[in-house]
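Two separate entries follow, structure 1 and structure 2, each one form of the same protein chain as structure tokens.
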Structure 1
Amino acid sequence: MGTVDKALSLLDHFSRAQPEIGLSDMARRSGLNKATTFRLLAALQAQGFVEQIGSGREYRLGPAVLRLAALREAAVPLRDMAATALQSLSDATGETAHLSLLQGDRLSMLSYVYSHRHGTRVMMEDAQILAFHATSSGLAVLAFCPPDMIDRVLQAPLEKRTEDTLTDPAAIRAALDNVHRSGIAESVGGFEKDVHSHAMPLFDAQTRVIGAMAVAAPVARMTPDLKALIRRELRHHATDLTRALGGFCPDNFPVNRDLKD
């Protein structure tokens, strides 16, 4: 991993739950030594990507991140289209709907919508990085990625987040084959205990996978009827969003021809 890659990877450790991180904590999270971490943070700070605050001189995201986010949103107003589609999907299913985007070898949360139909619902986190092997969104995307990317993901250490997380590469490849045949991925407790999720990939104009649309519900609420409803609505909404983005499902994608054209 090059110097730029290492520096930018530090930004992934900030989240809504952890908006401020001290030097020692960042070194521990990143697995880098303290001197290297300080040098990388100093470079990010000089360009405005992080800034230091408080008496403890913790780091937080800087104004350059907001500027780039604004420019990106102005050029590609995907978030607005996603919000409308997610709201419709959440209303139809009564559950949490969310959308993630593929960025290099990472899958990052873009947007989510909560349903107010139930007091208990699956909660999401802004800009969360979703594990390919442990989430329905990750499996949905990975199933339609090039073979070399699948190999890279499965050769890396696979975190066992819960007792139900798949970490055996052979078992994951079998799951990907099922997703490729059905078009919809499913995960029960793989990323977070007691969460049952379904996801469907999104594609661009060259039929390349670019992300996933998903619905997440508490395991205790997942009846056969709800499962059928989620799969039906997810297929409809994800295919419509791919089309709205100017994309096309691959010719071998398991969906009706009238939804592809």
Structure 2
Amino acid sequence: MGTVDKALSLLDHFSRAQPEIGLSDMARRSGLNKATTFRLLAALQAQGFVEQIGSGREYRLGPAVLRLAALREAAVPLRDMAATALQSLSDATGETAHLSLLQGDRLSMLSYVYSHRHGTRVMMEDAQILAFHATSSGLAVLAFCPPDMIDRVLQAPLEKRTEDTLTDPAAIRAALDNVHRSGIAESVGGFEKDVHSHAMPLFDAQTRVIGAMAVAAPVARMTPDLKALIRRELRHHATDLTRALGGFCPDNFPVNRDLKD
């Protein structure tokens, strides 16, 4: 692995739960030598990607990322488009709609919109990393990834989030086949115990998968009617968004195959 990769991958250890990380801690998490970690952090700090709280204290993400994000948003108004698409999807289904983006080998949540139709709803966490095997979004994306990436993902340890999480590679591959056939991935309680979610992949101009759009509903509220509604709306909104982003569904994608599978 190159030096730059190591430096950038340090940034991945920051999360909502761990917004600040000390030097030794960071070295431990990343598996790098402490001296190496220090120099990498120093380089990141020099460019404003991380900063230190006080004097000789922990590191956290720096202001440079805000600047870059603003520029990215100015160049690619994806967030705006996603927001309106999610709003519409959430309105149509009465459930939580969210959108995640594939970044390298990771899938991270970009944004979400709640519906206010019901007193209960599935809550989302900002900028969360989604496991491929445990979420509908993950399955939707993985199904259309290159085979070598699927292999890579499935040979890594697969965390058993709940008792219903799929962790057997063979079972997951079977699920991916299903996704390929219907274009929609489904996960019942794989991530959170009482969440039933559907997801559909999004594609770029080269018909590569770039992320997924999903609807998450409480298991208790799921009925055949709601399920049909969600699948219909999801199909509609996801293909619309793919098109709006200038992307195309791949040839083998069951775009208008049917509406009730």
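Every value quoted in this text rests on a predicted model; they were computed, and no experiment measured them. Under this definition, the rigid core comprises the largest set of C-alpha atoms superposing within 1.5 Å between the forms. For residue numbers, the reference is structure 1: its sequence is counted from 1.
In this comparison the chain labelled structure 2 is the form predicted in complex with the DNA, and the other chain is not. Relative to the superposed core, N33 undergoes a C-alpha shift of no less than 2 Å between structures 1 and 2. After superposing the rigid core, the C-alpha of A217 moves by less than 2 Å between structures 1 and 2.
Comparing the forms between structures 1 and 2 on their rigid core, the Cα displacement of L229 stays under 2 Å. With the core fitted, the CA of F14 sits 3.8 Å away from its counterpart between structures 1 and 2.
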